[in-house]
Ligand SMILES: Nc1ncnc2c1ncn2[C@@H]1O[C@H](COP(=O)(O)OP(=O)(O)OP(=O)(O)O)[C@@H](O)[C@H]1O
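Listed next as structure tokens is one chain, alone, in the form predicted on its own.
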């Protein structure tokens, strides 16, 4: 069973703007999926259909085996965590600890289980030193970690992230990637939207490329090396793919690229 099945999905905003037009899509479980596209391509609108913020106006959406209907939203949200682009939209308690504990408490779990899940989530994202601080005093990167911890405390099977790296410095981005990779290793299904083609090329198992509310292509990461397709989607070919085009090599990370370069360099003579 797929994590997401979408057939004929259409969605228009109140002002008549067509946000999604006849979306047909399947997203596999236990995979890392990146949704790419320029501003206004429909990425966020699509993501908001994956945990019931938006309901289909036309078409059908099935998430983790449940049709996206009002009666199923509670069940879907227990299995699907959504990280907003702006973490301030989901942080509201007086302390980080209370923010993270809110979700489990809302599930009507016993207090012992709430505390266990909260401390576990705090450790997973390495924010033990922040647990007693008010969220509004934190940096953007710290807020995003707290927001993710709040979702992890719900123990979702699928995590959906809207531009999780936007506004982050390189160090915070690396930390966020490490958190997501750790979740993937543990079997979570991860879906994120991003403008960063380089990160998507390195990170994702599969990609979805959107333009003006439609899907241009969906499939393996190698789609990002299709120069004509990327131009059509107002995107750039990832830097590594661009550099190694025509060489017969296709490294997916800087480490792989460095290894290829070293292997191609002539062996120097030993100096006496």
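No experiment lies behind these values; they were computed from the predicted model shown. Numbering follows the first chain given and starts at 1.
Only in words, not in the display: the form predicted in complex with this ligand, which the text now covers.
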**Asked** Can you say which of 44-52, 214-222, 234-242, 23-31 gets within 4.5 Å of this ligand in the predicted complex, counting heavy atoms only?
**Response** 44-52
**Residue among 133, 75, 195, 120 with a heavy atom within 4.5 Å of this ligand in the predicted complex** = 195
**Asked** Is there any non-hydrogen atom of residue 38 lying within 4.5 Å of this ligand in the predicted complex?
**Response** yes
**Message:** Would you classify residue 17 as touching this ligand in the predicted complex, given a 4.5 Å non-hydrogen atom cut-off?
**Reply:** yes
